[in-house]
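As structure tokens, one chain now follows by itself in the form predicted alone.
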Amino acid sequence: MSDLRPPENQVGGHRASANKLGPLIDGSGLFYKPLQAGDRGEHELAFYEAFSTHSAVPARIRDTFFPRFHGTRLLPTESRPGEPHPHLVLDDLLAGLEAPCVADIKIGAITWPPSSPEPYVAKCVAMDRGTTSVLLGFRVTGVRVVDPEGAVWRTERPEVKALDTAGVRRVLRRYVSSVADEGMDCALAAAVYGGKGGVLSQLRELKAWFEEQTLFHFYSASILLGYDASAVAASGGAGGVRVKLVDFAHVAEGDGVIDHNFLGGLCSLIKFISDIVPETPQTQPLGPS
């Protein structure tokens, strides 16, 4: 499988290298995520196995908002020659986008499951309090924007860790602004965030499910936003906007209780994005008064 390579559009997690395991893509629409060490990898695998066949999960929710699970595969690794490592085989969520723009947003004011050991809880508490997770119910972990000409703007890890509320608002505006502008014109906000099939429409559909579902509690999971800058520029439409949930190493049983931690963060994100859309410059004539 010599065509495997690290995804260029990765904005969160560890990037694959000669010394480090990381996700890979094969160019045919599949994404290979290394099984994490210890319980995390086993938990994530168990979640995908249970979720992909769970009769109580609506097919619309499963097919629209979650990566399709294709089992596991042992892959050779540069970091450990001769020692293949198990990988989750999932859909490549950005496959088919000519100029993919991506944002990774970790949801929830609490990012550790109830069964976590104390040292891990302390680590998560420090991170959640040091970022916007506790205050806003979510934090931005990475953004990459590319325009139709190939110019790229992306956040760096120290930058996103230091984001305050104003910084989060600025980055969410930057995500739907033209790269060439070097500023925040929000030129694509109406097409990407608003309208039928836009980010807000999809987030609200997801919210409606979280207002009812009591099967799972999602800790430290992220919402991945994606759109095709080329398609948006060409049509002025939604440009293949995608809203997906990713990262399930810390999912817990819902036990009949609504996941208020995730739902609260999701509502907060919807509010932040809703505040951006009306700020978009009016591009269409209003017609005769």
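Given the structure is predicted, the values throughout are model-derived calculations rather than measurements. The first residue of the sequence shown is number 1, and the count goes up from there.
Another form exists, predicted in complex with another copy of the chain; not displayed. Remarks below refer to it.
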> Looking at A95, V134, V152, A187, which has any heavy atom no more than 4.5 Å from another copy of the chain in the model of the complex?
Replying inline: V134
> Among K106, R174, R144, H217, which has any heavy atom within 4.5 Å of another copy of the chain in the model of the complex?
Replying inline: H217
> Looking in the model of the complex, any heavy atom of Q10 within 4.5 Å of another copy of the chain?
Replying inline: no
>> Considering non-hydrogen atoms and a 4.5 Å limit, does another copy of the chain approach P81 in the model of the complex?
In response: no
>> Taking another copy of the chain as it sits in the model of the complex, is S201 in contact with it (heavy atom to heavy atom, 4.5 Å or less)?
In response: no
>> Using a 4.5 angstroms cut-off on non-hydrogen atoms, would S116 count as touching another copy of the chain in the model of the complex?
In response: yes
> Quick one: which of 256-264, 29-37, 65-73, 42-50 gets within 4.5 Å of another copy of the chain in the model of the complex, going by heavy atoms?
Replying inline: 256-264
